[in-house]
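Next up: a single chain in structure tokens, the form predicted on its own.
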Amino acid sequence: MIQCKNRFSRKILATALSAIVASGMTALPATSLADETSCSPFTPLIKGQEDLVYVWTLGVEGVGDGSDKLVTVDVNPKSRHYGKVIDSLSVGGRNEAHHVGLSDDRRFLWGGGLDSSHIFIFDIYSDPAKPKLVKIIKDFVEKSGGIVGPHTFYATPGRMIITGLSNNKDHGGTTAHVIYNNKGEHVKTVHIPTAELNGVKGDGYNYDVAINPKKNAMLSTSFTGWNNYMMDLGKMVKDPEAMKHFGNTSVMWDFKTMKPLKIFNTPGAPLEARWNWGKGQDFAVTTAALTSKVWVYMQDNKGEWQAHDVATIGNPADIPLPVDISMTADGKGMWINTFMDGSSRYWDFSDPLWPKEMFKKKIGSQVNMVSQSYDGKRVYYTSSLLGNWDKKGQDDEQFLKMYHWDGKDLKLGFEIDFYKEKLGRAHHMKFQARDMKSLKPLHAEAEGLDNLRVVLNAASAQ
């Protein structure tokens, strides 16, 4: 276990997290069909060799121009620029750059600033190797009715679902989903439930969404508000009041109507939401950052969604802090990154109610996001969690790393030191192909297309 140099002790963090919970809270497969599964099922997917990786990067004062930027990396091994940065587009200023999301035609990339609440829309189709910033939305808070911190950008037909993390009244965690059209115009705001539903009281918190069109189901998760995510991590965990303000619920929605169907108690900030896209039973997965729990969502024999606490990641007393996850497209495996020990873990999900950790490798002093190529043979990692939550000193490594995965081990392909290149903190990433003519959305291969078209038509009409 690495030494934590974030100006707080593991003992303090463990004590704080315990208070949250108490208050309510063999050989691996040689190949697997993988990522792009974190993308919306309505977005065309890259099934061959990805050509480019875009990295949404937090600016750091005194590092390069100090601004947030979209960094483009050439990742095609046939290219003479393989493993190199080929473009860097600054957006001006520091906004707490966080997540990006592809539009439903994969021609545009939307990125948000958790602090400024600005949204940046990039054209990644006209010249994929050199994105263009074509629109900045600066009135998100006003148009959304006071929502702050645009986080996830999840495409649906003609629309973009944007999850907000906070609000402008108290900068706490009560917030909403905000729907925009592809022109960058606000359509409607859908608040996260705070009333009781199915015997569970909603807390109004939000983080990520994922949609299963076949089931007309959308899962949303929860995190914390601006007051916490913009605070120094060491200071926050020593503040008993701050540690009370994390989401402890997740919500299953009717995607077509955007109405909540059921609220689940999932203590400890359940973060990324992922659906199984393989054949067989439909299920979704999330991991709780503060409790190290793995949650699986399945329908019972009556068709009602149930949440199952199926596993624990590492030793919770060590506070591994699970962050990003990546479900393989066959639904039989999942990568789980743990920020504090800088490790990536491969889990066997052949039986989703009894998953098992099969492999673990340290990627760096810290690691956050993970994305796989569709064939599962390449796994990409970035390092930054939040500007004020990243480690300090020598442990503040900032990188993009690509590993080759053979089902047994990760072998480093290339790495880029984002500090050495004066690019800032590397956070979220998305793939792109130079030629998108052959790409198709995941849902185009799904079962039950007739029912799916009904859902899509209804959703796009809203």
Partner chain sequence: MKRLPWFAWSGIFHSAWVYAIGTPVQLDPPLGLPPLSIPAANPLTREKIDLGRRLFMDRRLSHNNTMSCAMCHVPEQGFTSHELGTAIGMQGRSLRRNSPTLYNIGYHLSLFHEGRELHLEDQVWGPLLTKVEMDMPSIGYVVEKVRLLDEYKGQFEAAFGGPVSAERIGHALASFQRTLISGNSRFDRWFYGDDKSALNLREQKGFEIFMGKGRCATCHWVDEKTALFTDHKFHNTGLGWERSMFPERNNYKVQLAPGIFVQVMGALLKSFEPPQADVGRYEVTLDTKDRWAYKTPMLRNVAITRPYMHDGSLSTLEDVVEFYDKGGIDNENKSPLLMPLKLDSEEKTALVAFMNSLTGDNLEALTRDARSAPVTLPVLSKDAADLYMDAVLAAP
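None of the values given here were measured: they were computed from a predicted structure. Numbering follows the first chain given and starts at 1.
There is another form of this protein, the form predicted together with the partner chain, and it is not shown here; the text below is about that form.
> Among the candidate stretches 309-317, 208-216, 97-105, 189-197, which one is within 4.5 Å of the partner chain in the predicted complex when only heavy atoms are counted?
That would be 309-317.
> Could you spot which one of S88, N76, N182, N227 gets a heavy atom to within 4.5 Å of the partner chain in the predicted complex?
If I apply the 4.5 Å criterion carefully, the residue I get is N227.
> Though the partner chain is not shown, can you say which of D239, D375, D282, E357 has a heavy atom within 4.5 Å of it in the predicted complex?
Contact residue from the list: D239.
> Closest heavy atom of G268 to the partner chain in the predicted complex, within 4.5 Å or not?
Although the partner chain is absent here, G268 would touch it in the predicted complex, with heavy atoms inside 4.5 Å.
> For D232, is any heavy atom within 4.5 Å of the partner chain in the predicted complex, or not?
Contact with the partner chain, yes.
> Taking the partner chain as it sits in the predicted complex, is D51 in contact with it (heavy atom to heavy atom, 4.5 Å or less)?
No, D51 is distant from the partner.
> Report whether the minimum heavy atom distance between H177 and the partner chain in the predicted complex is within 4.5 Å.
H177: no, not in contact with the partner chain in the predicted complex.
> Answer yes or no: in the predicted complex, does the partner chain come within 4.5 Å of a heavy atom in every one of E272, S344 and D409?
Per the other structure, none of E272, S344 and D409 touch the partner chain.
> Would you mind checking 114-136 for residues with a heavy atom within 4.5 Å of the partner chain in the predicted complex?
Heavy-atom contacts within 4.5 Å come from D115, S116.
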